[in-house]
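The data below hold one chain only, encoded as structure tokens and taken in the form predicted alone.
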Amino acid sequence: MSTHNLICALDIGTTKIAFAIANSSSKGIEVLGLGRASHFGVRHGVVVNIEAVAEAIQKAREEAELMSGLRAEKIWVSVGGNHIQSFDSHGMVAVKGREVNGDDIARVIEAAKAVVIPSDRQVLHVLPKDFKLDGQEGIADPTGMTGVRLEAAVHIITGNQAIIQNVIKSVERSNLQIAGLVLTQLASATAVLSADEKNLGVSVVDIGGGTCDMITFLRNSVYHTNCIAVGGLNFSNDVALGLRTTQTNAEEIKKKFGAALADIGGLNDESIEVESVGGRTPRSVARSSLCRVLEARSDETLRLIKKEIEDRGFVGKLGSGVVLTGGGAELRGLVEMGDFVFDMPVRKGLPTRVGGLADVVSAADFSTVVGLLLFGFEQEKPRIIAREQDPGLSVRMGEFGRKLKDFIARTI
């Protein structure tokens, strides 16, 4: 199998690393390998221990490479956390009464990017919202249209440069090259949303270990991003305190027996065994006690998300409602509680549009890594199609690269 069509992805989460390897063609992508590793090197989406993260990346990489039988080199990496900031900008260029082409669109987007950004910030994405041609608004793609003045509204997403550099260092310590950096919630939305949902209006909330990363779409464009510093670890901490058990056991029983609603399925009649702290004898507690703890935290978290939607003025504009994804969205009953809290449609987002190990990655906690694969595929698609149409292209480019490398070596 040609390594030129490989697309690899790395999701650096608060509690886990996910690494995926996929083969691509003009028809789509096929997931061939998946690896994951737990770690404690990230807090609220920010790397706080480079060595711990690098070690987890290497472990997840080895697992994915063993499963696929292929070696990963260039990867698409997720970036998230409460250091992310976004804002809108506008640009305008002259097209001199001729048809608008790709170069004109690139020029007007560059003009929209020409804003003063603090020196400690780094641009991650410049996402076009809509275009205006000679005053005509609401144009999604002006290519081929005739006009004199082309304007663009864009949404610019930036991150803290120092924090992003720590992510890059963690990746490079594993001897990997970065193909690109992608906002976590943008990647998750790529994996779980349909075009109709983006057009009607939808908010995606990726509930991770340390944060809830939000992104809102209206008319197929990104209008808002935000990060709420609450995640799955807060749920586990509440369980550990409420049931007086260890953090590890709290995480286990949360996943196995937890529910966001205490009255689901007659849980009052069940009991579970809970480890005690300090080597004391395990205890038996009512499962409903666990669920009441989780219900309180779930209600608070969903209301924080609702407040963000209300504060941004999106109430009544989200025709497709809210999509919950990420590992935290796997909590039983959370979607049902969301229907009540948000008073709009709510569903759990699962990754789609991939082949191969589709059944393995079809879980909410793999949304980001699958979204990274799909994002990378869209960027690489023109080159993939070109190689399929001209199979000798990659060979000639490889020979050219080797000759150039030899020439440089001789001249140094």
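Numbering starts at 1 and follows the sequence shown. Note that the structure is predicted; figures quoted are calculated from it, not measured.
As for the form predicted in complex with a small molecule, it is not shown, yet the points below apply to it.
Residue contact check: Glu330 to the small molecule in the predicted bound form, 4.5 Å heavy atom: Answer yes; at least one heavy atom of Glu330 falls within 4.5 Å of the small molecule in the predicted bound form.
The small molecule contact at Gly371 in the predicted bound form, heavy atom, 4.5 Å: Judged by the heavy-atom cut-off of 4.5 Å, Gly371 is well away from the small molecule in the predicted bound form.
4.5 Å heavy atom contact, Gly45 to the small molecule in the predicted bound form: Yes, Gly45 sits close enough to the small molecule in the predicted bound form that at least one of its heavy atoms falls within 4.5 Å.
Partner contact for Glu251 in the predicted bound form: the small molecule, 4.5 angstroms, heavy atom: Result yes; Glu251 sits at the interface with the small molecule in the predicted bound form.
Stretch from 115-123, 150-158, 228-236, 163-171 whose residues place a heavy atom within 4.5 Å of the small molecule in the predicted bound form: Of the options, only 228-236 has residues within 4.5 Å of the partner.
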